[in-house]
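Form predicted on its own, single chain, as structure tokens, below.
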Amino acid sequence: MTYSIGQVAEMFDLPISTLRYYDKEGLFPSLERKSGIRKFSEVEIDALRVIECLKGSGLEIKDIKQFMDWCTQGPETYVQRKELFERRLDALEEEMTRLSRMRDMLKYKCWYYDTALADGGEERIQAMLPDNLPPDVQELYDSGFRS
């Protein structure tokens, strides 16, 4: 089965111009054209899933192009491809840790102000800081402020 550029754009919620750019950058090396019209096969759809994953993980187009080049070179580039995914995974996990700490701080501050509003002030909360908060809140505080 083949898909038009419009169908692929809709499937991935991407502008057609982005798909044209990817094609121009050589990210679809085996993309078929009939009378100048791009015909996307399952090969390009699978490639686009990987491209969007790598792009979403923070990889630049030039590095994605390198990955796609390695794919066309065959099994001798498995090591480089695996290392690229390992680096992206490490970076993503670091970002998730950072975001988790930020989420915990925000949750703590929501609890803080809910409690301050209910109490009519911050005195009771201040008396609990830094180590006598309710256990679930202490966990948020420690994660968000002490990491």
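All values derive from a computational prediction rather than experimental measurement. Position 1 is the first residue in the sequence shown; the rest follow in order.
From this point on, the text means the form predicted together with the DNA, which you will not see here.
Contact with the DNA in the predicted complex holds for none of R98, M105 and P130, as no heavy atom of theirs lies within 4.5 Å. Checked against the DNA in the predicted complex, the candidates R81, R87, K55, K65 yield a single residue with a heavy atom inside 4.5 Å, and that residue is K55.
Using a 4.5 angstroms threshold between heavy atoms, E42 stays clear of the DNA in the predicted complex. Using a 4.5 angstroms limit between non-hydrogen atoms, C110 is distant from the DNA in the predicted complex. With a 4.5 Å cutoff on heavy atoms, I61 counts as touching the DNA in the predicted complex.
At least one heavy atom of P15 is located within 4.5 Å of the DNA in the predicted complex.
Partner contacts here mean any heavy atom within 4.5 Å of the DNA in the predicted complex, and among 42-50, 116-124, 29-37, 89-97 they occur only in 29-37.
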